[in-house]
Structure formats: structure tokens, C-alpha cells
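In the block that follows, a single chain appears as C-alpha cells, in the form predicted alone.
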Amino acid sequence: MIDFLNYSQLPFIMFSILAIQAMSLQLILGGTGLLSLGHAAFYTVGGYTSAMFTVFLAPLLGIHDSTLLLICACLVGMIAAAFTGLIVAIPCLKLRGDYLAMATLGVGEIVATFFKNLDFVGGTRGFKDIPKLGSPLLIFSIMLLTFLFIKRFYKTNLGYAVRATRDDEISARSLGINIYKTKLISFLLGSSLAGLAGVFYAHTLQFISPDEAGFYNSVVLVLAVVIGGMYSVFGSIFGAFIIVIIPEILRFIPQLINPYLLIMSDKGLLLPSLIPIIDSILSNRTLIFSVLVVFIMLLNPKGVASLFERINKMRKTND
């Protein structure tokens, strides 16, 4: 049991951090309808700047209390990520559709290259020996608070304006909504929350690398939002669960299935020569996970959250 708890800590931490990132992107992608392919850059900026604060600046300022240090690190990471978001948003939000996606795509590479050339934070080797300030329970609590904050935000006047902008810009403008300002606020809010996820990543794993800003991580974030359901905040959490936890569960599938394959082979229901082939297929977690994602999207093009909504509607109809 203790071994299982120790093993499950890292997937649990990664799930919570990815969920915060996915919800921050959901504000931009699902909330405002802006496709950003460089969202991991804000997360990396938050992680690096907060780590630089706790390692270099905080000792000079005499800040040693871990709680105060964590609060200051969160503020520094979120402000730095929001400022980076502002630099990106001012020119990029004038673009639309594929042009915006291409413009934000370069942001991740710029941020990664920038940190790779900073030797005092490890350069290409990454930033090591960052103070440990986070814990699995704390990160999970931050994930829940982020969820409640975004749900509450969508019920404010600004939240309604954000969704109106996503649904129909012309109609929203006719109602007096400032489209550019609404998009900008949504982008900055999403960037700062991504920076918050970066703070907890750096101060829990005690390491962060420039590769975190890469294109792959941004695509994983988009995938988490799309699988879960672009228009649902809860869907982003579910998308993170599918991406992080499902591959970990698939790791144990060969061990669970193999005894049954041997029984079937003994009873003549399965050729013995097929057992290694089936084992090989089941051991390929990436293949199974990819097929599973395709299957999910074929069944629920609007994401897993739409499935829950349909079930709720059916229950209400039956009642």
C-alpha cells in the first residue's frame, strides 16, 4: 500500500498541474475562442521567474518562511506570466484563426531559446535545486480553487462578455462589448493561471527545463481541453485525467491480461504463438492511448463533458 501511494504521488501531482494548465487554456480557447499554440510558454515563464525569486532574490530580502516564500513565488510567477502574455497578446490578438495559432506557435520556441541561453539558471541543463514548497494535497487544493474561480468568473458580467465574444463578435459588439479588451483580459487571466501551474511544477519537482515551453507541451494542453470539452471547465480536468492517469493505468494492463491469455491458451481457445504478439500490443501504451483518444473523439466530438451533459438531460427527461 505504501509503495502504491509513493508511486501514485508523481502522476497525481502531474494530473493536478496539467488540470490547472488546461483550465487556464480553456479560458482562452473555450472561453474566448482563441487558438493559442504557445500556452506552455507562460507556464514555463511562471516556473522560471518564481524559481529565480526563491533561489536568488528571496535570501537577499530575508524571506525564509516557507508560506510567505510560496505566496511571493506565486505572485511573481503569475505576474511574469501575465506580463509575457501581454507582450504576446498586444500584436497577436489582432490576428484571427490560423494566423493567431501560427503567431503563438513561435512564442514557445522563443521562450525556450531565451532560457537555454541563461547560464545562471542552468541553460540547456535546466534549473535545479529549487526549494520544495509544494505538496500533492496543496496542488490539488489549488486545482479545485482554480476550478471554482473560473466557474465564478464565467458568471460575472465580464465572463458573459467573454462567451458572447466567442459565440458572435458582431452581435457582441452591437451590445457595446469591447471585443479587443475582452479578449485581452481573458488572455492575460489564462496566462497568469498558467504561470501559477508553472510555480507549483518548479517548486514541487525542484526542477524546470526550457523544454517545458516546447510545442509538444502546448499541443498536450490543447488536447486536454479538446478531449474534455472546449466549453466546459470541468471537461479540462477530465481531459487532464485522461492524458496523465489513463496511460499510468495502461501500464498494468499486460500484467492483468496475461494470466487470462495463458488460461485461454491452455483450453485451446488461443494459439500460444499469439500470446507474445498480444503482449507486445498491450505493452505499447502510446498506441493504445492514441486509439482510445480517437475512439473518444469519434463518439463525443464535443468532448467527454458533452457525454455527461447528455446523461443529465436524459435523467431530467425521464424524471
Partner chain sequence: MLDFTQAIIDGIAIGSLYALIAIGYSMVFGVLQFVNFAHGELFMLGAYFVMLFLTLGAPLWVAILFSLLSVGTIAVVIERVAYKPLRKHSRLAPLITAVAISLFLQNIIQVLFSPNSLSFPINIPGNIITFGELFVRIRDIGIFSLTLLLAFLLELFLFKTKAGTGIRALAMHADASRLCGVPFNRTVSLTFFIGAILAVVAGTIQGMATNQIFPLMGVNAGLKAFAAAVLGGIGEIRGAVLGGLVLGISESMLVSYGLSTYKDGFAFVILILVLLIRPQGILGRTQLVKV
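Between two forms, the rigid core is the largest collection of C-alphas that superpose within 1.5 Å. Positions refer to the first chain, counted from 1. Here the structure is a predicted model, which means the values were calculated and not measured.
Omitted here: the form predicted in complex with the partner chain. The next part is about that form.
In the model of the complex, residue 37 approaches the partner chain with a heavy atom inside 4.5 Å.
Of the heavy atoms in residue 293, some are within 4.5 Å of the partner chain in the model of the complex. Remark: residue 106 counts among the residues lining the partner chain in the model of the complex, judged by a heavy atom distance of 4.5 Å or less.
Although the partner is absent here, residue 156 is not a contact residue: none of its heavy atoms lies within 4.5 angstroms of the partner chain in the model of the complex. Interface residue among 117, 135, 178, 174 relative to the partner chain in the model of the complex, by the heavy atom within 4.5 Å criterion: 117. Checking 222, 164, 185, 79 for any heavy atom within 4.5 Å of the partner chain in the model of the complex turns up a single hit: 222. The chain is drawn here without the partner chain; in the model of the complex, the stretch among 251-259, 50-58, 63-71, 272-280 whose residues come within 4.5 Å of it by any heavy atom is 272-280. Residues of 211-234 placing a heavy atom within 4.5 Å of the partner chain in the model of the complex, in sequence order: 215, 216, 219, 222, 223, 226, 230.
Core-superposed comparison between this form and the one not shown: the Cα of residue 279 travels 2 Å or more. Relative to the superposed core, residue 292 shifts its CA atom by 2 Å or more between this form and the one not shown.
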